[in-house]
Ligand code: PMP
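There is one chain below, alone, in structure tokens, taken in the form predicted on its own.
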Amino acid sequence: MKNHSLLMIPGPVEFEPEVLAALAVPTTSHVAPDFIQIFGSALEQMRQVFQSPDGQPFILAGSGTLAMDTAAANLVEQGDKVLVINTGYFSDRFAAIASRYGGRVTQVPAPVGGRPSLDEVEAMLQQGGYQVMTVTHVDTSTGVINDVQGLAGLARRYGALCVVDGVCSVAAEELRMSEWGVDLVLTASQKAVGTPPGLALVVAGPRALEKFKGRTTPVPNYYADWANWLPVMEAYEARKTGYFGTPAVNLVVALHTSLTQILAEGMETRWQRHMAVSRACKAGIAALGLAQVPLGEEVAAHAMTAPRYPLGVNGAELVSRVASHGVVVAGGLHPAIRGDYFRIGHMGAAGIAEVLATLSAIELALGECGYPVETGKGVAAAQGAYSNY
């Protein structure tokens, strides 16, 4: 019996064996020729994955929150008006970070499980003066996906930078950064990008760099300041040495391995695969009689599923019993409904086989919690939805 539970949370995710093997190679110098080549190549690959041929990539040692912090620190100055499109917990976080850097934050709220309409957002932008608009592409706390293309178009129309939190979307959800007019996209390594935790990944477009270079005050965060990191990224991409802080050498090697796999699969194919796997998972959950947090199919992400606990089932017990059957899912995160739902991540290396195993474990756990369930019903529904996709 394998001594490993299937990790089906919205990050960290399951990783490909080749990516994990890359972590185990002997650590080299950060200025060794072979590492310079790998780092430079990874930066170039990020442009392809983010679909931003004119963007400037950054690879920093840190978490997704550092990526958010970096975006706000460099693009928000004291007094800037910032519009936050709020779809959950991580939208709240972006509002807090922007406020920390002196941004005058206004939020466009939505009911839990919903998203603001484009009309609501435009009504706020029409008030004028917004320098930055932040969008959480997929809020991991609710499983809600935003219409990035539509929102980016509005931001550009009204002169605001569009900053996208893609922590739970990049390399899973369709995202065409340059084509859609998105000015900055950030993510973290441990989700659909498919590399263990520890890297903050950012691609800044021309308008974002222009705003940064036109700042009238210094960036108030020393570590996150692009003035320190931009020469380093430019040097590595030119296959030269650069230094500000020591990069996470083995993680960068693993990232390069994962990005190579992603691009070999192809972005269009990868987006379609995530859509198919998502449809299967959600069909299985629905067949078991479980509702979901997103208020409609059109607002439900493809990288994860957020089922609600059925009436009479203890949530903590259900999650624990699912784990006892070899699958780890995550409990709720959104403060308003934390005890009402759980979360399944199906991104990156996860495919239909992993979803079927997860649904099987959920069926068994529901039965053990006293919920009437027809064994195999969820699995069969998922198989049907996947084969008919």
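The first residue of the shown sequence is 1; numbering continues from there. Since the model is a prediction, treat every value here as computed from it, not as a measurement.
Keep in mind the form predicted together with the named molecule is missing from the figure; the text below concerns it.
Which residue, S258, S278, N146, Q190, is the contact with the named molecule in the predicted complex, using a 4.5 Å heavy atom cutoff? Contact residue from the list: Q190.
In the predicted complex, which of the listed residues (K211, R93, R273, R156) lies with a heavy atom within 4.5 Å of the named molecule? Exactly one listed residue reaches within 4.5 Å, namely R93.
Hey, in the predicted complex, does T65 get a heavy atom within 4.5 angstroms of the named molecule? Residue-level check for T65: yes, a contact with the named molecule.
Evaluate V138 for contact with the named molecule in the predicted complex, applying a 4.5 angstroms cut-off between non-hydrogen atoms, and reply yes or no. Contact with the named molecule, yes.
Contact with the named molecule in the predicted complex for D183, defined as at least one heavy atom pair within 4.5 Å: yes or no? Answer no; every heavy atom of D183 is more than 4.5 Å from the named molecule in the predicted complex.
A71: touches the named molecule in the predicted complex, heavy atom cutoff 4.5 angstroms: Outside the cut-off, so no.
One stretch from 98 to 106, 162 to 170, 309 to 317, 232 to 240 that, in the predicted complex, holds residues within 4.5 Å of the named molecule by heavy atom: Residues of 162 to 170 come within 4.5 Å of the partner.
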